[in-house]
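Encoded as structure tokens, the following chain is the form predicted alone, with no partner shown.
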Amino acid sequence: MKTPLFSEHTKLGARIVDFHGWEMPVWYSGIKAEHMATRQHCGIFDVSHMGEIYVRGTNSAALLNHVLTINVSPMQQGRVRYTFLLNESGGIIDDLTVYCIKPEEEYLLCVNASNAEPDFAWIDSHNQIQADIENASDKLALLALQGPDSAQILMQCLDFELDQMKYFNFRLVSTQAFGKLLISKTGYTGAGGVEIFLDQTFVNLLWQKFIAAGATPCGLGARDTLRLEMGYPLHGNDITESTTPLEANLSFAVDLKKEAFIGKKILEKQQQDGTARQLIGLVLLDKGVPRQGCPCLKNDQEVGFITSGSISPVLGKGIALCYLDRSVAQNDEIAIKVRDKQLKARVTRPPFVKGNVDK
């Protein structure tokens, strides 16, 4: 599958890779260069492979409250929340953002690329109250304009004042050149900026305008290292159907005071009894690259495993997310087994760096 911007990526000489069935750019000029451009200036990412699901009607909030871990009923128009779809065992089917377009009547869910159809089917299978559900993934495109200069570029290109918007809020904007936009002060980089949903018809023009205004085109490689520096989880690596939000230290996106939702009973028991493991961070003290699946050792005993790892372009050190036994404490020194070597690492709670780096 290809996004509407595929021809733009090839024109720019991007290295294209298969990403869950999508032909996506992994880098243009290089992962480190694109990473630092986003941290210090502004990067533009094509994330049109992400899925979009509308839930509408008088029963929309009731349906979402049943399948999501947060309570959408108090959400005001223009508010965004991070949340989960769980299975009956409390495992994470997907993590997503929900946009309140009209309280109690219309919501937009942005889900992970490979999960759009399964998520839609899961929600639909629990739709006994007959809310209106639409998978709009083949109609909408999504751009992420990220970095400290994004507000300036957004004003230059769309005459939109970002500083007046609160974090995790959005606005609906009508433009003559690019149609209707949903501009959201969110992102997956920790560098500030926006994500913009729009009709696929106009995405090439907006992409070109952002680049002409100074945004650096960035691929999935930089997107991954940026999110890892902030400790943001990646579904399929750090969170899966075998992990719960409480194990992943993501309880802020769970409302156990809500009357009921799928997976709640398991989470209530975990909250009461505690979890045997936790998702936490590591910073390498030795040179090396931590990789997914590498065992973590303390006193030569295995105490966990790495779920995501790389070299931080900002720190110049190896960093990782991992599941560790609760017996391991923050600031403990452990070892990571990489091939035949054991590399020293310090347990720490992300983020590993500040979102923006001084120019």
Partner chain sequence: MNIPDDLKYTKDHEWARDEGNRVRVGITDYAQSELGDIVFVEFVATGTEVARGDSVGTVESVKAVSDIYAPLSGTIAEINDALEDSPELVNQDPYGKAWMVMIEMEDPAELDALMDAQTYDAYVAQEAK
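Keep in mind the model is a prediction, meaning the values are calculated, not measured. Residue numbers count along the first chain shown, from 1.
Omitted here: the form predicted in complex with the partner chain. The next part is about that form.
Taken together, the three residues Gly30, Arg291 and Ile311 all come within 4.5 Å of the partner chain in the predicted complex, as judged by their closest heavy atom. Heavy atoms within 4.5 Å of the partner chain in the predicted complex are found in exactly one of 253-261, 76-84, 127-135, 217-225, that being 217-225. Proximity to the partner chain in the predicted complex, defined as a heavy atom within 4.5 Å, singles out one entry of Arg349, Lys344, Arg15, Lys11, which is Arg15. Interface residue among Val26, Ile70, Ile334, Val47, judged by heavy atoms within 4.5 Å of the partner chain in the predicted complex: Val26. Proximity of Lys166 to the partner chain in the predicted complex falls outside the 4.5 Å heavy atom cutoff. Contact annotation for Lys287: at least one heavy atom lies within 4.5 Å of the partner chain in the predicted complex. Residues are counted as partner-facing when one of their heavy atoms sits within 4.5 Å of the partner chain in the predicted complex; in 124-160 not one qualifies.
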